[in-house]
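Look below for two forms of one protein chain, each set out as structure tokens: first structure 1, then structure 2.
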Structure 1
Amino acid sequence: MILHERISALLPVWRDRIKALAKEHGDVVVDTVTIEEVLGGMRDIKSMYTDISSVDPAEGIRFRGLTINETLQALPKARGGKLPMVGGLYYLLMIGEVPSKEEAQWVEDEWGKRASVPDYVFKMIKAMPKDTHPMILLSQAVLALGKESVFNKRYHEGMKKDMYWEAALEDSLNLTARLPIIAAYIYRMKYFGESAKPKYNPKLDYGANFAKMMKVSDKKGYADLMRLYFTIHSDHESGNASAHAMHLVGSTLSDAYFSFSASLNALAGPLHGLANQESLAWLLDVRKMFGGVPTRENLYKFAWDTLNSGKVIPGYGHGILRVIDPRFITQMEFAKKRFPDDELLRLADMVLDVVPAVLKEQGKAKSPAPNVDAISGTLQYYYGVREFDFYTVLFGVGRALGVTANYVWARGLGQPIERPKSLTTKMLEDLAEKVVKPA
């Protein structure tokens, strides 16, 4: 039980660190909160901590201190592929060290042992109306699996607080092992009417298993794409809506299934993860309207029409990033190496050229640059996953890796129930008044 032993050994040091920080420096002011920040969705307020990943507005994501390129370079590669094993990424997120091949394989083996989904989950998914959005099916399936929660069972048996993390880890390993099967089942059942349960092959790694169970593509490279995809979508520090939702719900000691279902529900919003389906739909609309890749002038006009109709341009802008999202760049590089002449890719490239200029001209978005969702659908589409309302499910499977690592450590460090303080508008007005007219 490598992850269990390593986390058990690491926790005492981290617990002492957090305790000392609170005791010796608890009154140090981290930030001052402005009325604009209170009214503006708490943007940029530094009020959470996590060591799993961090996002610099001018650089992008680092997983346990490593950039995406460093992560891809450092992690052990999957057999028969060019990209790393997802198990190695999970080890890195959980432990904070680059795993050896054996340690990465240990996680893959654990997933292989735990990769079975009870029948009632498939039956429930199948019983839903045909036009149910796949994110509803995924979130429901995760919630239904809560019946199996180790944390919930042990909690009611009187588990000690300093062992919460271990039950949280058990649930997290079980949940992440089951998600690819559930996602593949939703895909095959919803779009192809199949009811056979996808079979996870413990001899293959996570990415290869997913590619096989999806049965989408005979083009080589889908397994590598999914290794990359799950890695870069795993985490984006703790303040984004899906990570924050997991953290908030988990802080009440709801188990990983309740918490991750909440995380998925946040991811399903068009301003967050659903932007990947919206973005591909937008590209297809452009292609349909102009019968292929348009002229720059026509694309410019189309982008303005979108803004003038009151909509956002999906895949562009970000809550905190102020540069092109490195997750966008990595996917673009992957695509350009493998299918540079693909029409949608050429269109996505032209959008990259035109849309930031349009957003700058409009002058509202703080960042006119593309985010992760501006390109991910183009790659899925190329490999044959063309049902774009499925795309956020893929994001969800990847996001589980980061948010469960956070969840395990939050329980390990005894992070308390989250409870920020709200003010009334009158209280804010009174505060403002005091500043404008001091007594």
Structure 2
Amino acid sequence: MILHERISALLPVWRDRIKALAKEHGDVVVDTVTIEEVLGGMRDIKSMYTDISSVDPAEGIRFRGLTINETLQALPKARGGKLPMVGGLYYLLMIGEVPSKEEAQWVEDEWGKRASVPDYVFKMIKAMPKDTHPMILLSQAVLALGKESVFNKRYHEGMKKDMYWEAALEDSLNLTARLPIIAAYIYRMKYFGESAKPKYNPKLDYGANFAKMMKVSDKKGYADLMRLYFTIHSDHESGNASAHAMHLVGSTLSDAYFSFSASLNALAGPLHGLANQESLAWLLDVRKMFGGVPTRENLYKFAWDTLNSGKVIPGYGHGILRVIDPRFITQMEFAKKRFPDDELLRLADMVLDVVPAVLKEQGKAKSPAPNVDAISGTLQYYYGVREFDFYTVLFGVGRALGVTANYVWARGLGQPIERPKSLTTKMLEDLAEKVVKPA
């Protein structure tokens, strides 16, 4: 094929040009950023603002200024559970204040009123080929729900700009209310062939509803796990791929459904939402290799064998964090209180002891500490969710809480459409040349 042949011939030259720019002229400033930052995926460039959450390299995520531990301690607990109601978290993200139990329950009640999915959404999901990836089904379902968009309807009726946020909030409440139903339906239909539509019980909270609709475990604690899971996966600043995708699409005044579908599509990428299942797969490979939990020495060798084969150890390292991810710590503490003797959990604990030391010896990782993905799949596996490709769907349901809060505030503050300026490789080379040989 002519295009394949031509691009194949051109790529080596272009790759060399980009490498030379990065290596020889990476520190050259282009307006306010360097060539290295232009070529490096805009990493760490401070060009967005949000008050919903922030990430500090030394302490991890803060939701409206609260650390993970502070958030879990401050928010009202679910009836019959030890973890907070997800409705309380959503109130915190939206309002910026810790809610009372009544305020958290108000959000839960709103979700209960809005938790009705149109029949055509279920029919569309069911009509897809059986081997369709669950993230495709979830993204399609979210797009299909766009037919119900309050924002889209009111915009075309001439809604005033300072009222955008109200319609955005309506869409966000409707969307987040329906996601657990859709996700549970995808799970039961795809893996168990069930066609019954899950029923949301308005007397139960968000986490308990999802746990019940999933029907995965008779082990005590799955509702609490999902309360925790949705909380810690809700947001992680605005610059990560899924949050940024929603912000970018939302900045065009696309409704929450178009925008969140884009967010899910970003989350589905292997460099973003896939790490949780890859981390679990690596643990299972270790267990299979040694017939259980290995000795520390055998694990040390297995870790080095992984690295020497050109692979990475998934779940370790982070683009921002330089300490153990507090979301990892919270999940590990949850598991040790409930099932400390579980074999995979004991293995994950040993990996925590061994792998950071191996990565330090290798010297390539900026941060050898575990992130949230290093343990989250292990907890789902214990409770019976063992279909790896569904894990990103769980991530997506939780992520909706943070990105829709950002979406509402972006419309409320009138944040503009995103439109960064791009440069050609020749422009960058010319700028670098001027620095090397000033006029």
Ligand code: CMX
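Along the sequence of structure 1, residues get numbers from 1 upward. Rigid core (definition): largest C-alpha set, two forms, superposition within 1.5 Å. Bear in mind the structure is a predicted one, so any value in this text is a computation, not a measurement.
- The form predicted on its own appears here as structure 2; structure 1 is the other form of the chain.
- When two forms of a protein are overlaid on their rigid core, residues whose CA moves 2 Å or more are considered shifted, and V30 is one of them between the two structures.
- G158 shows a C-alpha shift below 2 Å between the two structures [criterion: core-superposed Cα displacement of 2 Å].
- P420: CA moves less than 2 Å between the two structures after rigid-core fitting.
- Once the two forms are overlaid on the core, V355 shows a Cα shift of 2.9 Å between the two structures.
- Superposing the two forms on their core, we find that the Cα atom of G310 is displaced by 4.2 Å between the two structures.
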